[in-house]
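Taking the form predicted on its own, here's one chain by itself in structure tokens.
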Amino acid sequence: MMRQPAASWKTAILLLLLSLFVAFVAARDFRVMNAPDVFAPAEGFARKMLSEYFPPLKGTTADTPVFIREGKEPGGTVLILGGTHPVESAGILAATLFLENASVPRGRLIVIPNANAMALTHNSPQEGHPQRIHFALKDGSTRVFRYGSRATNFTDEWPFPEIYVHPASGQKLSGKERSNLNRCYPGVPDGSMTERLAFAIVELIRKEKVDLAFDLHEASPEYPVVNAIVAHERSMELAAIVTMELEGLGIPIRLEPSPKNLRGLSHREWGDSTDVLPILMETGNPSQGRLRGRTDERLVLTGEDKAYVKAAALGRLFIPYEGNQLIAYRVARHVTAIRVFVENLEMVRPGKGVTLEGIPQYEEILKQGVEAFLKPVPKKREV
């Protein structure tokens, strides 16, 4: 029996050590995804946890911060939900701008920046997404937001069934949709983790008697329902008023009715299960599309993609596209639409108006960027 040369053993040991080093670095990098995003709420916001509305969430990765600010004058209650799908960054950032800038003289404002915290702890396999995006502030500090995944982390939602049967309707979907928060409403108190999360959010809407609720999303430019408002029939009157006002401001936006036979989505189930006026909004984001090239932080922030330039020239897109879709533009659309909705709430719910001040205007966000309205965060502690 021939003895293997010593050089081969040295090579094997070297490769083993190298593999262990790579595994260590990768594990450390992915472990950072479990560290929660840090926010700097404006003065007057109280911090709660979603588990206060549904105690079984306490101590789980589904629990997430809920920020509430109550005005001196009585009025209605508005809920802003970002992060249903954490890869749709404009939703998280728009919610954050309200959290960090809004004062509320009348009524109440509730903000949940990271609705599906479980989806923020990992990336989508094979999508090549960045783990986080960065914004440089004027004081020299940097705000960091995790990019996450569209779906709940597999460690929280496993195994998937081959077919997901929506509990409230019996509608059949792909098994992986059970990990999609926006297919699980109105939720199940003893269901999967994503179903429990959905149940907790609906419980919050019920217990806080929310009048108007927003679920903020982004969609690919080739998707028909993009740069759009999707409204439950109870919300349609208000949504029509807002759509016309936005058009007058030079912000074209589609108005889509919530399909009654498409179940599990916020714009349908919130309205059917509670007295709230539900609104889902979509902005156009090339990093969500199938035509995109390299998916990195630059694409998320700028929306610049050569393939989409060609697709626009061929008339294949459902948004105007001239080479980019800046994050500032996408956030500005969300923020401005919410502001207009809130300004008109009193028209459809007398006595339930809400007044918000300190919110940046559309042109201000476009000119100064999102980073101009993000606050420096306290060091070494979560707010």
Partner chain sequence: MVSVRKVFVAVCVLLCFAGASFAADIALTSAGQSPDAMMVRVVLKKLGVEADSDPLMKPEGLTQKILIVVIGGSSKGLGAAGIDKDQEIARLSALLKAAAGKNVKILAMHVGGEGRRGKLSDEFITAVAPAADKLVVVEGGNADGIFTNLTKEKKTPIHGAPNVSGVAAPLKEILAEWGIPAK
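Quick caveat, the model's predicted, so the values are computed rather than measured. Positions refer to the first chain, counted from 1.
This protein has a second form, the form predicted in complex with the partner chain, left out of what is shown; the following refers to that one.
J.: Suppose contact means a heavy atom within 4.5 Å; in the predicted bound form, does that hold for all of Met236, Met244 and Asn261 with the partner chain?
T.: Yes: Met236, Met244 and Asn261 each sit within 4.5 Å of the partner chain in the predicted bound form.
J.: Tell me, which of Leu173, Leu255, Leu137, Ala307 has a heavy atom within 4.5 angstroms of the partner chain in the predicted bound form?
T.: Only one listed residue qualifies here, and that residue is Leu255.
J.: Please tell me which of Val225, Ala168, Leu291, Ile163 lies within 4.5 Å of the partner chain in the predicted bound form, judged by heavy atoms.
T.: Only one option qualifies, and that one is Val225.
J.: Counting only non-hydrogen atoms, which stretch in 139-147, 103-111, 247-255, 75-83 is within 4.5 Å of the partner chain in the predicted bound form?
T.: Checking each option against the 4.5 Å cut-off leaves 247-255.
J.: Find out whether any non-hydrogen atom of Ala240 is located within 4.5 angstroms of the partner chain in the predicted bound form, and reply yes or no.
T.: Flag for Ala240 set to yes.
J.: Sequence order please: the residues of 343-366 with a heavy atom within 4.5 Å of the partner chain in the predicted bound form.
T.: Sequence-ordered list is empty.
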